[in-house]
Structure formats: C-alpha cells, structure tokens
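The data below hold one chain only, encoded as structure tokens and taken in the form predicted alone.
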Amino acid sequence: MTILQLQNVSLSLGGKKILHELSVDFWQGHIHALIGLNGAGKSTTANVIMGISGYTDFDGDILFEGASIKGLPVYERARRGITLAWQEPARFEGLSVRRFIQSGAKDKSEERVRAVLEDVGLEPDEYIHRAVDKTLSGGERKRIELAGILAMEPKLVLMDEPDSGIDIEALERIFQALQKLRENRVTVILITHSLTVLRQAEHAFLLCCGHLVDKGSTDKIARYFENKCIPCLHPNPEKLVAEGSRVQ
C-alpha cells in the first residue's frame, strides 16, 4: 500500500530549477532511502514533503494517504502523522528531556518516556531530568529526538542524514530504533549519501541534480556507491556541481 506519492513535483528557488518532475511512491511500513551526492536535491525533497517555509511553492502534487497535502502548513502535516528528524537536532534551553518527549507524545506518562529512552539506548534515570541543551552531545540529542518521535507514534518519518556528527554506538542505537519503527508499521524515508545508512533500507531512490535517475532494491542502488556514478541524465555531475548547480 502506498502512503506517500510525489506526482511530477518541480521546484525552483532563486530562479533556478532545483527539482525536476519527481514522481516517487513510498510504501507504508517500509524503510526507504533517498540518496545521491551532496547537493542532489535530497534535503530539498524532504523539506517539500514536510512543508517547510520557502519550499511550498512547487508544481505537481503530494498525496498522503490518498489526499493532497499541497498547501497544508507544517503543523497540519504533523497532525496527520508526518514528522522530520533534522540533520542537526534543535536545542531547547531550559526544557527537560522528559518535557521534550512528552510535548508530542500520544502517551504522556513517565513510563512511556522511560520506555522510549531505553529504546534508543539512553538510561532514563540519567537523562530524564537533563536539559535538551549544549551539555548534550550531538549523538545524545539525535537519540533524544528519535525517542520523541517514537513517543509521537507517527505514520511517516523523514530522517535527514541520521549518521551526521555521531559515533558508532549512537548510530547502532538509531538503527535499532529504525527497526522498531518498521515493526510498528511506520514508514521511514532516510535522506543519505552513506552506504551504511542505505543498507538499513529496503528500497532506494537515486537523485542527481534534482532528477530521479534510478530506483530499486538497496543492492541495486548500492552499485552507485561502488562506482560513484551510474548512467544518468548528466555526463559529469561533479562538473555541474563545480559550476554551481549543487543544491541541498
């Protein structure tokens, strides 16, 4: 069953076309990867799906559970079950980990807060009263953000570069949480250019300069990482990047 559909989505920013008629179907309860070089348009696609300011004026349509979400604000998309885990998690000076998790949780009990902290490998007694601020490492903040997402019980999670700025232990805990989301029939879209992260997905879509150039199993798309490129619309993507065509 398809939960999210991008239908001929095109986006221009500053007079430059960034996304080119993207048509992609994401299946419910699966882990997908959206991959490509830095600047291929991956994060832009995630921002369009989430409805982030500056990314809402696009051509085409986006359907979530069969209904268009084009024009809906971020909070309405979140209410419908879509959430985005940022590449750099936010800090909230003065807000405790418990309050942060409870703010979006369906079950706001302390037992639930403790359970999701354990799910991401953080000892509840050590973290539940700490502040979500600069005293936490990047890996700790990413795991706390993911604990908050688990507590939300969303339908669709976009994860932008989940391996950015964290150590191996934190990454393994994030991968474990990914599998828990899958067990709960949550759809996950991983935004990545990492082979290690790609291997956590079941299906992958390869972007280059805002074009969808290939899709299929992770084994099929992994060939891109081995060869650094596959036949696509651009004979030399790195040259295009050097000339200033790179986007996020």
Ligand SMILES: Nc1ncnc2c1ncn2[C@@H]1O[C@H](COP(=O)(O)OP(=O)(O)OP(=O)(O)O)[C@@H](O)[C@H]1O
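Quick note: we count residues from 1 along the sequence shown, nothing fancier. Just so it is clear, the structure is predicted and the values come from calculations on it, not from any experiment.
Another form exists, predicted together with the named molecule; not displayed. Remarks below refer to it.
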**Asked** Using the spot the named molecule takes in the predicted complex, and overlaying the site C-alphas onto this chain, is the pocket open or blocked (blocked: 3 or more ligand atoms within 2.4 Å of backbone or C-beta atoms)?
**Response** blocked
**Prompt:** Taking 13, 18 and 39 together, does each of them reach the named molecule in the predicted complex with some heavy atom inside 4.5 Å?
**Reply:** yes
**Asked** Would residue 163 count as touching the named molecule in the predicted complex under a 4.5 Å heavy atom rule?
**Response** no
**Message:** Can you tell me whether residue 55 touches the named molecule? I mean in the predicted complex, with a 4.5 angstroms heavy atom cut-off.
**Reply:** yes
**Asked** Heavy atom to heavy atom, is residue 182 within 4.5 Å of the named molecule in the predicted complex?
**Response** no
**Prompt:** Does residue 70 reach the named molecule in the predicted complex if we count a contact as any heavy atom within 4.5 Å?
**Reply:** no
**Fill in**
Counting only non-hydrogen atoms, the one stretch of 196-204, 22-30, 212-220, 41-49 within 4.5 angstroms of the named molecule in the predicted complex is 41-49
**Request:** Scan 124-145 and write down, in order along the chain, each residue with a heavy atom lying within 4.5 Å of the named molecule in the predicted complex.
**Result:** none
